[in-house]
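A lone chain, given as structure tokens: the form predicted alone.
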Amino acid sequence: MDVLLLSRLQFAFTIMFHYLFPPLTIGLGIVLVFLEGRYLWTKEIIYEQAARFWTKIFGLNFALGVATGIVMEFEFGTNWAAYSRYVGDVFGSALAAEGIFAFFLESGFLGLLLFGWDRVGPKMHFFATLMVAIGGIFSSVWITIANSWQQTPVGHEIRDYVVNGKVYQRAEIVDFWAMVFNPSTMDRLIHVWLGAFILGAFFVMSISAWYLLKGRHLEFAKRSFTGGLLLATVSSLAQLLSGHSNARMVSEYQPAKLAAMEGIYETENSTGLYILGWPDDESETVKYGIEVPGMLSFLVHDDFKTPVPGFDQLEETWGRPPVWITFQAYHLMIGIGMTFIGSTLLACWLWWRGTLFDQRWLLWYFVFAVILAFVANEAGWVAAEVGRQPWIVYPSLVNGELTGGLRTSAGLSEAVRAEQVLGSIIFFGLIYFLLFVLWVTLLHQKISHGPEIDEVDENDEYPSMKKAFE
């Protein structure tokens, strides 16, 4: 058993499970602010009832997000001690900032959000909701900054330390704001936020579509669905622009990652864009590939004829990431994103015509599309993190020479053993399986119970809609 591979699998498993919850709470936080703001503005009780319901769902996801995030803090110390020593100065400042500016804000007002409905006035409760939502966004800011610095590190110096006769290197900050606004921070931050908004919107649309299909809570479901639809449509279209900007940034600072994302083994005069395919490292080709000729050259260079470098020019300098995983995760994310753009625009058109809620097939699609939103967020993480291999902290190219950087194999703890890591993977697998069952069970209970809304009055107000779903 390879301790490096097992440690990478363990971290991937724990962070991918954890990453089910933070984007969802960020997206739902925006939904809560919108609903309570609408209630204060219009005084329509339906918005308050909707906010109370979605707050219960938010609280459940927030609790699981915090619980599953703690595990990774320990993994940094047990499995990745050499990496923690190298990035400790950078990560320490970013995580401290998250604790001061985000977590305290988020957790300080969480109790008021969850239990303050009948204890404080609507304006005070709205303020608490706003602070929790901003705290969640601030938290994503500092985590993304720390991760972005690993992808495009600047604002630091590499210094040597001698401990027991052995020389260790450590990255220390010399320009804090350069570290914060490193070349990939803003592109990656916007991409993460939009992914969270899309997930939150599709989550709301999924449950709302279910109520519409079952003829329950119709006014609540209709308003929740249309609000989620607007957020999903705007965010999906904006994500297309964000993805394009990200790809250009990656082409400049992590060219080997872009080569893996697009399966570019050999540099050609004009580089095409694959819609799908099957990269094969042995033959160094993309089998069964469907390609748009010259399109990648155009997207990166605004020119159909300027080549995008492949591994024949890059591998000796940057190394080669696992191509198949990076390629498929990247294209899965893009494919789902394009599906979201098409389906939300179609739903908006049907909504404008007044026939959206008569389309049972489309409502069934939105019931299950939330799974695609989870998959797209996870696939984006896989493409970004697997694509930076074999580096855990990317090096910089200065005057044709690589400087700094830390290979993943060099970040591993010296004392950890493969059997220990394997045992912890099995243990985490069992615990996380139980947590997942608990999450689904509690979610099912809350959705089955639904919002506290008078069914009789509601159905009298929308008799035609009720009839349409019978």
Partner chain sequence: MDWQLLWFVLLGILLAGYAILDGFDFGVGMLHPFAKGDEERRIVLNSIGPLWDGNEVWLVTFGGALFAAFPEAYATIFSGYYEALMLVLGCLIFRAISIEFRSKRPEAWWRSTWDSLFFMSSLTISFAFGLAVGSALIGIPLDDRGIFRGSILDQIGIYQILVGLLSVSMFLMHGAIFLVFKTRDDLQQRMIRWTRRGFVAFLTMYLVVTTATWLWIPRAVATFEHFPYAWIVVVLKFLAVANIPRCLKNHNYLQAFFSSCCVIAALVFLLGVALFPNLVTSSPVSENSLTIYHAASSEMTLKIMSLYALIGMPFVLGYTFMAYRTFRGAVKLDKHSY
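Residue numbers count along the first chain shown, from 1. A quick note: this is a predicted structure, and the numbers were derived from the prediction, not measured.
Beyond what is shown, the protein has a form predicted in complex with the partner chain; the following relates to that form.
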Of 220 to 228, 301 to 309, 100 to 108, 366 to 374, the segment with heavy atoms within 4.5 Å of the partner chain in the predicted bound form is residues 100 to 108
With the partner omitted here, the residue among 213, 238, 174, 276 that in the predicted bound form has a heavy atom within 4.5 Å of the partner chain is 174
The listed residue (287, 166, 353, 123) that reaches within 4.5 Å of the partner chain in the predicted bound form by any heavy atom is 166
Indicate whether residue 52 is a 4.5 Å heavy atom neighbour of the partner chain in the predicted bound form.
yes
Notebook entry, point to check: Any chance residue 245 has a heavy atom within 4.5 Å of the partner chain in the predicted bound form?
Noted result: no
Open item on the list: Please determine whether residue 95 contacts the partner chain in the predicted bound form, using a 4.5 Å cut-off between heavy atoms.
Closed with: yes
I'd like to know if residue 434 sits close to the partner chain in the predicted bound form, meaning any non-hydrogen atom pair within 4.5 angstroms. yes
Candidate spot 91, 142 and 413, all three in 4.5 Å heavy atom range of the partner chain in the predicted bound form? yes
Applying a 4.5 angstroms cut-off on non-hydrogen atoms, the residues of 404 to 430 near the partner chain in the predicted bound form are 413, 414, 415, 416, 417, 420, 421, 424, 427, 428
